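Before any questions on binding or motion, here is one chain by itself as structure tokens, the form predicted alone.
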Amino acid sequence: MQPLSAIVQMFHVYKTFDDNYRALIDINLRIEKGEFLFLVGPSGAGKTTLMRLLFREERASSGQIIVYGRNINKIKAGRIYQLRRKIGVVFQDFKIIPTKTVFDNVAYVLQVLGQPKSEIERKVYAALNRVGLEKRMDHYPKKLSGGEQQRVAIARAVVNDPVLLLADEPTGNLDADRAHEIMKLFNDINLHGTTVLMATHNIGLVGKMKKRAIYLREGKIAHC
């Protein structure tokens, strides 16, 4: 049985794609509840693949992955939504819907889960206030700056109070000032109890945050 302090545990995890490309090789990793952990490495190191395994966008070729006490490789396809209810994901390219307002972008995930309108409104207002966009909720993405669009993506990721937040290069498309603001947001989210795993190739950013970092190189953990 997984100790309650661990949100994620990976045991001898491998991921090989159809062309025999070994994206991940013998990954062993433990992430504690409430931790802020960086996943660091150059492009192609395996960072994104590792994250995709954690929310079952991809399935490990071998090994065990325990997330919040469940072996996620054994979850049936029709039950993956139960896992994803507890995980928020922020992507580098935002992935917000251009034809929906800020409010509707953040509300979308709750609507898919079938939550009542009153609960959706309460949660969306709280999430937008958290990221400082409560006055922009009726705007469309094209009217927002890059930093504001990333804040929408963060609000959407945390609107359902996830226990684990995955962020894949969330500052990669932002200038230094906007990146600093976004990192302050992630730090605040973590201080309120959400476990954060962030992938980045920005070593300087990792040094400033003074958090634990796992370094990937060619699909392997180089050091941690």
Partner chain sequence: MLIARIRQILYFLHQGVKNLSVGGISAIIAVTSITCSLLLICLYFIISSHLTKAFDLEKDIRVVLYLKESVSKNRIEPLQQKLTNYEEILGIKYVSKEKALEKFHHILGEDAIILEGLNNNPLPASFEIELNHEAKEINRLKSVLHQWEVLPEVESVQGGVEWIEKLSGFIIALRISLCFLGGILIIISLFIIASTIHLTIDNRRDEISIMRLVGATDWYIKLPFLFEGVIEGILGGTLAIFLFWVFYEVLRWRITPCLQLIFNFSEINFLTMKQIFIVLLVGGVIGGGGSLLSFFLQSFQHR
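Residue numbers count along the first chain shown, from 1. Small disclaimer: the values here were computed from a predicted structure and weren't measured.
Keep in mind that the form predicted together with the partner chain is missing from the display, and what follows is about it.
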Three-residue site Asn129, Ile182 and Asn187 fully in contact with the partner chain in the predicted complex at 4.5 Å by heavy atom: no
Contact of Arg84 with the partner chain in the predicted complex (heavy atom, 4.5 Å): yes
Partner proximity in the predicted complex: Glu32 to the partner chain, non-hydrogen atom cutoff 4.5 Å: no
is_contact(Arg122, the partner chain) in the predicted complex, heavy atom dist at most 4.5 Å: no
Phe55: touches the partner chain in the predicted complex, heavy atom cutoff 4.5 angstroms: yes
Residues within stretch 96 to 114 having a non-hydrogen atom within 4.5 Å of the partner chain in the predicted complex: Ile96, Ile97, Thr99, Lys100, Asp104, Tyr108, Val109, Gln111, Val112, Gly114
